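Next up: just one chain, as structure tokens, the form predicted alone.
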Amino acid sequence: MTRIRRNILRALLAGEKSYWQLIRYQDGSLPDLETELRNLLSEGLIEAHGQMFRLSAEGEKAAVSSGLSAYVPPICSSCKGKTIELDGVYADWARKFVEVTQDRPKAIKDYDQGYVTSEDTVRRVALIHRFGDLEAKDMLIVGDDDLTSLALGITGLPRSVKVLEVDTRLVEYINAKAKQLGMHNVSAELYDVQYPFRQELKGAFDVFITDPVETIEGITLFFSRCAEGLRGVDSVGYFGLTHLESSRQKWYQIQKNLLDMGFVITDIIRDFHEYDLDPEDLLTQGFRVVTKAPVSVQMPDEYFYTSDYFRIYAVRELTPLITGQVTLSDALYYDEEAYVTADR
């Protein structure tokens, strides 16, 4: 029995689940989940009622005979397993961030945008603070549709925050907000990842933050550019990575590339980010998570798209795997595992 099948069956032993809920209950990629759901339906082990799934009598018998039991998540109800509670000063940061970003630009598919919840953006900052990577640090953000730069600026703790962003709307928004709020250490400029950093940005930062595309070509390019910006040994990086659009085989190659560059992984927190995706866009933009679903799906009934948060540490001088100018293609954004990425 496959791991995905086991996770589906034990989730349904606890009661019926929506399509979107089942995505949160399994540990594989979305293509593999879709395949397994179709197999279970065709074998008569599960039944679909609208977008809700439940075990058939035969499915319940098969699950129990396989030694499975009903799964009730043992996740902390306060932090939801993210290890960070927004109490005290962190709650103040969160309130301020929500207040100042109410008029944020809408995420658009042109640049594969989709931002995490405001609370998770602040949790990201709180986690960086926990690990001692915030105070008096020079921080680099490559791509900032989450507006992490403003959340960092609210703390008043970094020495500097530099955003490199391809979307003119975001560059103008971040700079205007930073000026309005007196964040003299926060600035954004236009940048296209096709090009190497200009000389004054190379080796200028202690910490990088990015939420990269999840193709091998794309994520390797993003990491290579970020590595160019770091000072070397003792520098750190933070990024999100899903298992929904990145199979474990892809994880293997990503981790190998990080090792080859000179990084080690120090921390991974499961489902740290929940993405606040536009439900209308989700249903109308041709995302495979909808078009390939085994049932006709409706708007999500919870945040189904999550990513794990990584912290990496430079143990030696860094060697980017990609240097010089490159020409982007659709392969940067889109591969066979891209189920919540619009086909360009």
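Numbering starts at 1 and runs along the sequence shown. None of these values were measured; they are calculated from a predicted model.
There is another form of the same protein, the form predicted together with another copy of the chain; it is not shown, and what comes next is about it.
The stretch that touches another copy of the chain in the predicted complex, counting heavy atoms within 4.5 Å, is 68-76, out of 68-76, 97-105, 196-204, 183-191.
At a distance threshold of 4.5 angstroms between non-hydrogen atoms, T117 is out of contact with another copy of the chain in the predicted complex. Using a 4.5 angstroms limit between non-hydrogen atoms, R311 touches another copy of the chain in the predicted complex. With a 4.5 Å cutoff on heavy atoms, E85 counts as touching another copy of the chain in the predicted complex. For V264, a non-hydrogen atom is located within 4.5 Å of another copy of the chain in the predicted complex, even though that partner is not displayed. Judged against another copy of the chain in the predicted complex with a 4.5 angstroms heavy atom cut-off, the residues F131, K137 and I268 are in contact without exception. Of the residues Y173, Y90, F239, F222, just one reaches another copy of the chain in the predicted complex with a heavy atom at 4.5 Å or closer; this is Y90. Think of it this way: in the predicted complex, another copy of the chain has a heavy atom of just one of V315, L283, M52, L41 within 4.5 Å, and the residue is V315. Of all the residues from 225-263, those having a non-hydrogen atom no more than 4.5 Å from another copy of the chain in the predicted complex are D234, V236, R248, Q249, W251, Y252, Q255, K256, L259, D260, G262, F263.
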